[in-house]
Each structure stands twice: as structure tokens, then as C-alpha cells.
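One chain comes next, on its own, written as C-alpha cells: the form predicted alone.
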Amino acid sequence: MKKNDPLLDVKDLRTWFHTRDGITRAVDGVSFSLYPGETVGIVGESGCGKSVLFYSLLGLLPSPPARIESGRAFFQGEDLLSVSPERLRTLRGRHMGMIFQDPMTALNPYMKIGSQLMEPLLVHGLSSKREARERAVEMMKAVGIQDSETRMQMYPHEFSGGMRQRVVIAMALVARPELLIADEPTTALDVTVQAQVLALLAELQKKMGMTVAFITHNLGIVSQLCKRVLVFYGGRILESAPVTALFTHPLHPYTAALMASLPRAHQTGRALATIPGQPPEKGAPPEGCPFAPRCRHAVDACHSRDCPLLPCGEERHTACWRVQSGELKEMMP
């Protein structure tokens, strides 16, 4: 892999769920790249396909009902969607780490914390049992868990929610992966612990030089941690931009609606803005923009005319053809 090549390069990924109720297009034609050392936020409403996107890449979806209809996903030159299951397990544990959303379900309640931290190192043959123990203790200290030697012998139920989240982070990082996928790691935490965990992730990312994909629906977290943002909706990426540009001048009506719905200190007493309607239950529609039914700028063509994610300004991409054609002057940079 050359210096300026992406660490992860995804092209036209489509993951659909085939059920008795029909087909759900959870991820439908997604393309993006992650570069070494950067932190990218993947934002969007709950159920829009953010987690399914990365579960597809890691081979963690049950099949059936999930089926990858098309796409390529090159990680350090290897296509994650065509490698053998054995090779994918090696890449998943050694080179790609994942922090799952709920630490209590991510941890085995019957295994001691120390054994679970050592397992990735032993399974992938990265160290001896003694070295694995030493690194596990070191990683527990790195994530802010005191008295690590004693806590190695404890079980998950003996930890608080914040401490379990730190353990899950330590498990994801103990093998020192090149890519870390953080799937809403602070959802179940109170504000104080959330701030501590975010500061910890930022510190570890800088120290270890990892690429981080941060999946969240919290735009405040994105503004703190990320340099670039992918806005996800209905199984598709509707906008991609540097974080500052996205917050100051969104180029897609959905992104603009998200920005407008944020609480603002200078508007005390005023009703919060909302986005009318509901997200699509079946993911992206076969044709047209998935946000069109809720968009105040939509015209008839928006419901029947697909719009790919195309460049629209420096380092910016949007999937609104009215913006691309210059019809929506208020959205143009």
C-alpha cells in the first residue's frame, strides 16, 4: 500500500435483508474511503444503516436474511468481501478492532475480564500467555482502569457501565489494529463518563496513529472528535465534507435539517425544529432520493431520479441533484 492510498476503500456496497415481508435495502450503493490516521464520523438517524455498513465489511451479519448483493471493500489491498472466512477472522481480530454499542452484551458474562482481554492476542498468535497478560494489564491501565492486576480476575457484572465500556475499548485496541470502528460507544453512559471515554479515545487514537470510524447520531461528538463526516440516510451517503464545512454550510437538505434541529443556547424558550415524517422502513427506495418524502425542496424528479454522490466544492460531495445543478442557490457554497 502506497503512502497516500486509502486504508479502506469501499465501492458500491449493497447489503439487503431478504425476509418474508420483502426486501430491506439496508445499505444501497455506498462508496467511501478512509485514510491512515484520520478520524471520520458516520452520522444519521437510528436505523439508517450505519452499523449494518460496517458489520457487512466485518462479516458479522447473519446470512440469511442478510445478503451482500454487490460491492468491493479493499482493506490494505485485500477485498474483505471475497477473502476466505479464515482470512477475514485474522483481519478482523488483528488489523481491525471494533467497539460495540452495548458493552454488557459484547462481554462474555462467564469469562473473567483478563481472559477476554488476552484472547485476541492468544488466538492470533501475537504473544505468549505471559506476554498477553502483561499487555492486557498495560492496556487496562491505558484506558484508565486502576488496580488492573486485581480487576483482571473479576467478571463483567462486577464492573460499572463506564468501566465495562473501558474494557471493551481495551479489547478492541489490545492487538493494536490499524482501523478502529467505534459503534456508538457512549450511548449508555452519563455525560461525565461520556466525556472521559471520548477524551480517552482521542488520546489513544493520537498515540497509536489509528484510523477511526466513529458511528454515532450525536453531532456534538462528531464536532469534538472528527475531521471528516459522512452523512448517512436510508442506506445511502447523502453528503461528505470536512467537519467545519459541514457545520457552517451543509450542502444537502437532510444535513441542513439536522443542523437546524440542534438545540441552541441563544434560542431559549423556542420550540425545537423537527424533520417531518419518518425514515424509510425498508431503507433506500428502488428509485429517487431516500429523503425526498420528507424534503421541503423536493420536486417530482426527486422521487424518481437517482442522484449519485458527486463532488460539489473542495473536499465536499453531495447527493442532491438540485444542489449539483445550481437550482438550490441557498445550499450552494
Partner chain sequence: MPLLQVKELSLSFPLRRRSLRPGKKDSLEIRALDRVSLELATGEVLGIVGESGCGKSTLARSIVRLERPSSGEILFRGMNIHDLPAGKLRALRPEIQMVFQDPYASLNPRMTVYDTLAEVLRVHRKLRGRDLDRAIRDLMGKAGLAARFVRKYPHEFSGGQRQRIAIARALAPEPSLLLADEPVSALDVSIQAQIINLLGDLQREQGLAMIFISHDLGVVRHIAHRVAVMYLGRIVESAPREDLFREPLHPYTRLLLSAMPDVDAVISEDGERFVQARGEPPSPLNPPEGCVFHPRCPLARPECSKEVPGLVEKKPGHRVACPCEPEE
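Positions refer to the first chain, counted from 1. For clarity, every value in this text was computed on a predicted model and none was experimentally measured. In this text, the rigid core denotes the largest set of C-alpha atoms whose superposition between the two forms falls within 1.5 Å.
The form predicted in complex with the partner chain is left out here; the points below concern that form.
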Within 4.5 angstroms, counting heavy atoms, which one of the listed stretches 65 to 73, 25 to 33, 277 to 285, 299 to 307 is next to the partner chain in the predicted complex?
277 to 285
Examine Ser82 and determine whether its closest non-hydrogen atom to the partner chain in the predicted complex is within 4.5 angstroms.
no
Is there a non-hydrogen atom of Leu60 within 4.5 angstroms of a non-hydrogen atom of the partner chain in the predicted complex?
no
Mark Leu258 yes when one of its heavy atoms lies within 4.5 Å of a heavy atom of the partner chain in the predicted complex, and no otherwise.
yes
Taking heavy atoms only, is Leu122 within 4.5 angstroms of the partner chain in the predicted complex?
no
Are all three residues Val191, Lys206 and Ile221 in contact with the partner chain in the predicted complex, where contact means a non-hydrogen atom within 4.5 Å?
yes
Sort through Ser160, Thr105, Ser128, Gln153 and report the residue having a heavy atom within 4.5 Å of the partner chain in the predicted complex.
Ser160
Answer key, the partner chain contact in the predicted complex at 4.5 Å (heavy atoms) among Leu179, Leu225, Leu173, Val137: the residue is Leu225
Pull the contact list for 192 to 209: residues with a heavy atom within 4.5 Å of the partner chain in the predicted complex, in sequence order.
Thr192, Val193, Gln194, Ala195, Gln196, Leu198, Ala199, Ala202, Lys206
Given a superposition on the rigid core, I'd like a yes or no on whether Leu60 shifts its C-alpha by 2 Å or more between this form and the one not shown.
no
